[in-house]
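In structure tokens, the next block holds one chain alone, the form predicted alone.
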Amino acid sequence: MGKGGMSHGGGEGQDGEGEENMAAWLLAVKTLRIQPFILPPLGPHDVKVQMKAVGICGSDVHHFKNMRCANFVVKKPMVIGHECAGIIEEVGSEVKFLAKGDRVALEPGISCGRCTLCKDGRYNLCPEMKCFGSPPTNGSLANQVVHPASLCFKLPDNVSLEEGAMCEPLSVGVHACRRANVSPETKVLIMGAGPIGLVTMLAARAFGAPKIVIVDIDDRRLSFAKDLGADEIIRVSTNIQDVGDEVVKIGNAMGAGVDVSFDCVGFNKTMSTALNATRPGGKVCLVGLGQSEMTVPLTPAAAREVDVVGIFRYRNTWPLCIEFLRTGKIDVKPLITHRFRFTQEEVEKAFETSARGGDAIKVMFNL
């Protein structure tokens, strides 16, 4: 978890009732064990949070299956998880704006606050970032965590703890829409109808996008996207030779030029499609990081002045996400397709369910 913490074979209790703090430790490929987890001391600006809702992210599944996600490699046992919300159990001596019993959503990354990027407000790019469940930093699938109070955001009464945990994936979509300057005049194409493609679609609609076309290779996910509010859905192939024909289909479905394309997959095929489908002067935002290197038609896109932007996680998104949820502009509840309890058997089943994909969109733990 963000403030540290370590494994423990037994000993003193961790919470007010003397019960030991337990967490889901990733020990090896597809090997998770619920084991004791010692929390660091509560600092003056920290809070101790009783976890109540923790979602499984695609990066968690990569760590579970491969002990790595992109360049982040699990080299020692690590507590997994980072999409989370809970109830304040204890506050540090200098914390004035939160109190015991408050329901909060947690932003999982702690930046240094000192480097040029942090000072410029781009703290998500901080080279010293410590993020829940991103090795070597322990995560939040635990009974309790200690976290900076400044990264804990109070939830309104009409926003559930599960919805609070969904602020983390939703933040990716919100940050992407900010980077791409989505507005009520922006016609949007989304490549990929997985969890991140879906939250990007919801965010784009909340930012005012009047028409959204979403494409995927899976009919079930496209059907889910349609039910969630996509204007048009298109099934595509994995064959790079089909890009030309599929760009024509996208243009016909949109009925006008694509202003912004979000590639929520990150493969040669999806990025090539996005670059070709976007109108001259438009924008492509690369959200998914499926391949570390890609071969794409960049030169013709540059000749049409198609801007390409990337995103890494998010910054300053939790207040807006919570406001979207409070007002009903975004409803993330349909995305939560499976729920599990925090037991050894259920933790294993939950990760197997998420790793299998299929009809699982968001798998959520209720602690």
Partner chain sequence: MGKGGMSHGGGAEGKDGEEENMAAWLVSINTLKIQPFKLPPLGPHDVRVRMKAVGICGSDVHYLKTLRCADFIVKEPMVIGHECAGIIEEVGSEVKSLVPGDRVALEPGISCWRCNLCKEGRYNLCPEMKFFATPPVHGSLANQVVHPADLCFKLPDNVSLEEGAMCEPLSVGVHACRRSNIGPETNVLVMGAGPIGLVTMLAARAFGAPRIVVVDVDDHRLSVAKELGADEIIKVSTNIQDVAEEVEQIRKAMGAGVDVSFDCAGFNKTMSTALSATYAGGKVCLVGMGHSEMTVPLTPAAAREVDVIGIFRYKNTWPLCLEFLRSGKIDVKPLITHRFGFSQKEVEEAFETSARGGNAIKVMFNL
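This one's a predicted model, so the numbers in the text were calculated from it and none came from an experiment. Residue numbers count along the first chain shown, from 1.
The same protein has a further form, the form predicted together with the partner chain, not shown here; the description that follows concerns it.
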Item to check | Interface residue in the predicted bound form among 158, 292, 252, 239, criterion: non-hydrogen atom within 4.5 angstroms of the partner chain | outcome: 292
Next on the checklist: Which residue, 302, 27, 42, 38, is the contact with the partner chain in the predicted bound form, using a 4.5 Å heavy atom cutoff?
Outcome noted: 302
Item to check | Partner contact for residue 125 in the predicted bound form: the partner chain, 4.5 angstroms, heavy atom | outcome: yes
Checklist entry - Looking in the predicted bound form, any heavy atom of residue 179 within 4.5 Å of the partner chain? => result yes
Item to check | residue 52: touches the partner chain in the predicted bound form, heavy atom cutoff 4.5 angstroms | outcome: no
Checklist entry - How about residue 95: is it within 4.5 Å of the partner chain in the predicted bound form, going by heavy atoms? => result no
Checklist entry - Of these, 44-52, 57-65, 325-333, 294-302, which stretch puts a heavy atom within 4.5 angstroms of the partner chain in the predicted bound form? => result 294-302
Checklist entry - Is it the case that 271, 309 and 312 all touch the partner chain in the predicted bound form, with a non-hydrogen atom of each within 4.5 angstroms? => result yes
